[in-house]
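A single chain comes next, written as structure tokens; it is the form predicted on its own.
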Amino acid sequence: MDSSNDEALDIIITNVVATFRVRCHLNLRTIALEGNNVIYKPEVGKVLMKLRKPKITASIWSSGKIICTGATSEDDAKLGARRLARVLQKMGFRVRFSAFKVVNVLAVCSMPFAIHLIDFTKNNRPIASYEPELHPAATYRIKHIKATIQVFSTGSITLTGPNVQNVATAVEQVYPLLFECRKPLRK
């Protein structure tokens, strides 16, 4: 990192999205009638089930595909998914936990300085875009690690990536670019 005072940046993971399969057909009506913390949506063909610990919300389809959102780490997402499979197993379904995959990680990070977005976009033109009429943040995409970064002028950044490691790598790659476009401190 280019800065004279090396401070560690706190990357706060706000949401982890994971998918898995239970390898059996699920009767959504049974889940809706027997399950706890359940919302049945027959017009969409899914059931929403919430767990309290870890705090996740799961979308359950009759095909056996389940999407879990709301976890704050990859381990919590896996624990919540396994716990959800166990709840379905106790309802009488022949559940076999398989094909678990973390699909998306959303994180936020705050830079210790404000950023001049127009300079940042001009310096990184092909992969950075800034449309102030549409959105207050500049968008920076890193193709090879499949990460997208929203950079706000206050120094706050929002990151989206396929896993926690890629999100951390994205912060390491974008920090020097942001540092050279920082706004001078006002006195």
Partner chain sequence: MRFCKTCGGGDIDVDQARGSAVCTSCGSVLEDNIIVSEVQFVEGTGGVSSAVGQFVSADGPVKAPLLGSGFHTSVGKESRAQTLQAGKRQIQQLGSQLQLNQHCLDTAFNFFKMVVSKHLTRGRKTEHVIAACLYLVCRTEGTPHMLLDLSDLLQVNVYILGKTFLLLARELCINAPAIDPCLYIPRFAHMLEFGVQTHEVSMTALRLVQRMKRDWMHTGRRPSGLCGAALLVAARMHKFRRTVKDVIGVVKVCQTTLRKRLTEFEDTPTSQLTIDEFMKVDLEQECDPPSFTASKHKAKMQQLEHELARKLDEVEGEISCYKDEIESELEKSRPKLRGIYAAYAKEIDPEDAEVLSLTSEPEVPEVEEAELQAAAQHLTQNFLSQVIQEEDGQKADDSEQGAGPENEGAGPQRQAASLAVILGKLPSAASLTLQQTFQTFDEETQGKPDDEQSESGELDLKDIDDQEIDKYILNDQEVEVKTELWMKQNAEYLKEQKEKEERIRKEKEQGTYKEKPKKSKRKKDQVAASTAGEAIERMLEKKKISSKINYDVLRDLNSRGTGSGGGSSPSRSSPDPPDNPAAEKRLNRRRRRKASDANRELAANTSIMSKRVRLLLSSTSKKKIPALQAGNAITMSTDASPEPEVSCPPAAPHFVDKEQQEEEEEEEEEEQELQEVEEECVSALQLVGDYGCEEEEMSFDLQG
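No experiment lies behind these values; they were computed from the predicted model shown. Positions refer to the first chain, counted from 1.
Another form, the form predicted in complex with its partner chain, is not on view; read the next lines as being about it.
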Heavy atom of each of F120, V167 and A170 within 4.5 Å of its partner chain in the model of the complex: no
Contact label in the model of the complex: K65 to its partner chain, heavy atom within 4.5 Å: no
Exercise: L159 in contact with its partner chain in the model of the complex, heavy atom 4.5 Å: no
Exercise: T72 in contact with its partner chain in the model of the complex, heavy atom 4.5 Å: no
Non-hydrogen atom contact M91 with its partner chain in the model of the complex at 4.5 angstroms: yes
Contacts with its partner chain in the model of the complex - residues in 12-46 whose heavy atoms fall within 4.5 Å: R29, A32, L33, E34, G35, N36, N37, V38, Y40, P42, E43
